[in-house]
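There is one chain below, alone, in structure tokens, taken in the form predicted on its own.
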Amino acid sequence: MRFRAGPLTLLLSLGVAVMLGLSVLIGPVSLDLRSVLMTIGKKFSQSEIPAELAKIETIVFTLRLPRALMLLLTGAALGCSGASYQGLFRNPLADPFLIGVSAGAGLGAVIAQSIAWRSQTFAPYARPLFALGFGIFVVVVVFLIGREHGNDFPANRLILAGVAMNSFCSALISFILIYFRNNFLTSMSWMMGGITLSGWIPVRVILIPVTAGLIGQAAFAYPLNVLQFGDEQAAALGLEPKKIQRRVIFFATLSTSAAISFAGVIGFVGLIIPHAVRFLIGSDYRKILPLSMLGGGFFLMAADLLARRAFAPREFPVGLITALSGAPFFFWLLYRRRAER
């Protein structure tokens, strides 16, 4: 059953708004909707906030709202990047986590975190910069290894190359964490997809690179459609496949690396969401990319709510929830491809 892009966009937008509201209301300290709305109204009207609402203001604007926006940006980045990688390499298993981009970006972020920067102003920006550099390096290596004839990227070679780079980067991350012992428990939680930093600084740092990466990918939606028919067809229509590949890889890795640098290594969002969107609306990347952004944000915020409330008061990293849901989906996808052959 196919859906129209308009109603699905509206539905996902409403879902994102609902998840934002629930992320603000639900937590270790329960908040009622009336008090939260009063606090938000006084905050935006710049009125003096009464003493009884001061605690609610701290919880909403210092802890929960920044976290929810971080999850929204991260989910949008991972969902859209997964769709871009799959369309660019015509491979349904090209997910940022499976091909090693997430692990490479995580390695860069851990290295930046372990360096004692003299400038505290630059320190927050070092994480996305290092994550981007290592993420681009890893994705280039994986696709060079995984490439076969011309620009053909078989799933088995791509996955094996990604697994190898994942293992290598994870080993280096473990070595750095053990050697420097820099907030070891916090860093381990971050590696499993736990958002360990609060406040607005992480959101401000990643907002521009994530947004630039998403806009850049959306700008190549039509070329991605043409590339599905092969590089020769794209060249016949006046496109330059090599240049498109380089630019899409850069923008997809930019948004993924920036998000992962603070949100942690979160897997399978870029695998599940593009497939679900493609199943619902078809294979037009002019629709797949924006809907993957909305779907990724919705999915990650829903997973975070489950991670925080399913075993309350204990809180689990959101990456565990996405892995638990993504692994069965991955097995099903492999089985389906085998059955199609």
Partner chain sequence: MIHPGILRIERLSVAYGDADRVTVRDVSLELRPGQIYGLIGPNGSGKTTLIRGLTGRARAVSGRISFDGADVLALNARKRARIISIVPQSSGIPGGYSVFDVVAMGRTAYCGPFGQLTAADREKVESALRSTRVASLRDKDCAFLSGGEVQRVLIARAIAQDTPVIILDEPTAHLDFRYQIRLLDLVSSYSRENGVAVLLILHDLNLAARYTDRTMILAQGSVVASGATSAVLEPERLSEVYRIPMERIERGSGKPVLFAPS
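Numbering follows the first chain given and starts at 1. Note that the coordinates shown come from a computational prediction; the quantities given were computed from them, not determined experimentally.
Beyond the structure shown, there is the form predicted in complex with the partner chain, which is absent from this document and is the topic of what follows.
The partner chain is not shown here, but in the predicted bound form it comes within 4.5 Å of a heavy atom of Gly282. Proximity of Arg286 to the partner chain in the predicted bound form: non-hydrogen atoms within 4.5 Å are present. Using a 4.5 angstroms threshold between heavy atoms, Ile176 stays clear of the partner chain in the predicted bound form. Contact annotation for Ser189: none of its heavy atoms lies within 4.5 Å of the partner chain in the predicted bound form.
With the partner omitted from this view, the residue of Ile136, Ala218, Leu129, Val203 that lies near the partner chain in the predicted bound form is Ala218 [heavy atom within 4.5 Å]. Between the options Pro209, Gly267, Gly146, Pro223, the residue in contact with the partner chain in the predicted bound form by a heavy atom within 4.5 angstroms is Pro223. Residues with any non-hydrogen atom within 4.5 angstroms of the partner chain in the predicted bound form fall in just one of 100-108, 233-241, 257-265, 76-84: 233-241.
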